[in-house]
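Okay, here we've got a single chain as C-alpha cells, the form predicted alone, with questions on binding and movement later.
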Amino acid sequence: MNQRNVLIIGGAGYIGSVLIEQLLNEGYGVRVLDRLMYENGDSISAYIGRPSFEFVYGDFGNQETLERSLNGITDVVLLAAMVGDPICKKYPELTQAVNVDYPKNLFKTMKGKGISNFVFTSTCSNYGLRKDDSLANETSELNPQSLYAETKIEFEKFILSEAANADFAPTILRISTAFGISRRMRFDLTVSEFTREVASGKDLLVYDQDTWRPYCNVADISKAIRTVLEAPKEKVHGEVFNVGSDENNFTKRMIVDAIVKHIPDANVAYNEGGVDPRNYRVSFDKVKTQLGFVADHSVESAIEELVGAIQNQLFADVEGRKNFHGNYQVSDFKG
C-alpha cells in the first residue's frame, strides 16, 4: 500500500504499545504523541530506532505540539484519555480537559490537513447499567455510571454532530474492558487483576460476582483499529462500533472459574454490594457484519498465558512500579 502515517495520541499505553507493533509490521509509518503521565516510557522504548517510527513527548492539549505532531500524518488514532472511574474521580478537572476539551480541539484542528481517518476509542462502559438482560447494540440507551463514561459520551455526541462536516472519516469504537499481555501491562483491570492476585497466592475478594461485562484482548482491539483504517470510508464515516466478541461476555464469577482451573487451591470469597453497579452484556454483530472483524483471543487463553507468566516471575516488579502497571497517579508533566 502507499505509505500511510498514523499518529497515535496516547500510544505509550496498554493498547497503544500493542497497536504500534501491529501497524509497523503492516508497513505503516507510526508517530506517537504521549506525555507519559504514568511514567510509562519503557513501553515504547523498544521501538526507538525502528524504521518508520517516531516519538513526540508532549501534551495534545498544547496547540503547537499538536500542530507539529499532525504534520505529514494521514490518519489519527486517539487513545489518550483519563481511563477508569478511580483516576477520573481523583482528577475531575484534568479528566474534563483530556477526555473532552482536548479531543474537541483536536477534531477541529485536523480539518484541512489531508487526514483520511480519525479513530476514537470510546468504551462499552457507556451502557452502564442495563434495565434487562438483552444485549446492548450501538443504538441501545446509554446509561453511564461514572464520570469516565460521561466524558466519553460527551465527545461521542460531539463527533456525531460534526461528522457530516468533517473532511476525514471519524469512527467511534466502543471498546470492551481490555485484557491480555502488553508492553505496558496493567494489573488494575479485572482479568489481569484477579489473575495476578490468585497466581501470587493472595486471597481474592470479589464483589457483585454475577454482574456482566464484555472483554477484549489488547491485540484484538488493535486489530479492530487497523480494520477501520483499512475499511472503505463509506463503511466507517460517522459510524459507531462495539469492539469485542459475544464469547467474551463474562461475569466476574466466570473469570474466577477460568482462573481456578489453573490454580485449584485458590482462596476466593464473594460479596454483594460493591461500589461499581455496572451490569451489561454487549452485541458485536455490527462490527462483524459491516467490517468483517472477528476477535482472535479468548479470556480463557489469556488467563492461562498470564498465570504462566506470573508464576515464572515475569511480572515480579509490579509492586515496585505500581504506577506503570495501573492508572493510579498522574506524574508531573515536564514540558
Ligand SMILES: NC(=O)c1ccc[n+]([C@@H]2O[C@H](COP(=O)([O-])OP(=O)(O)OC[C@H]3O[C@@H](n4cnc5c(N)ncnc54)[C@H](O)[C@@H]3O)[C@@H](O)[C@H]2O)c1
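Please read these numbers as outputs of a predicted model, since none were measured by experiment. One-based numbering along the sequence shown.
The same protein also has a form predicted together with the ligand, omitted here; what follows describes it.
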Looking at Ser122, Ser146, Asn248, Ser222, which has any heavy atom no more than 4.5 Å from the ligand in the model of the complex? Ser122
Under a 4.5 angstroms heavy atom criterion, identify the one residue in Ile259, Val83, Val76, Val191 near the ligand in the model of the complex. Val83
Quick one: find which of 109-117, 230-238, 126-134, 181-189 has residues within 4.5 Å of the ligand in the model of the complex by heavy atom distance. 181-189
The ligand contact at Thr177 in the model of the complex, heavy atom, 4.5 Å: yes
Taking 4.5 angstroms as the cut-off for heavy atoms, does Asp59 touch the ligand in the model of the complex? yes
4.5 Å heavy atom contact, Val98 and the ligand in the model of the complex: yes
Does the ligand come within 4.5 Å of any heavy atom of Ala12 in the model of the complex? yes
Near the ligand in the model of the complex, with a heavy atom at 4.5 Å or closer, the residues from 13-38 are Gly13, Tyr14, Ile15, Gly16, Leu33, Asp34, Arg35, Leu36, Met37, Tyr38
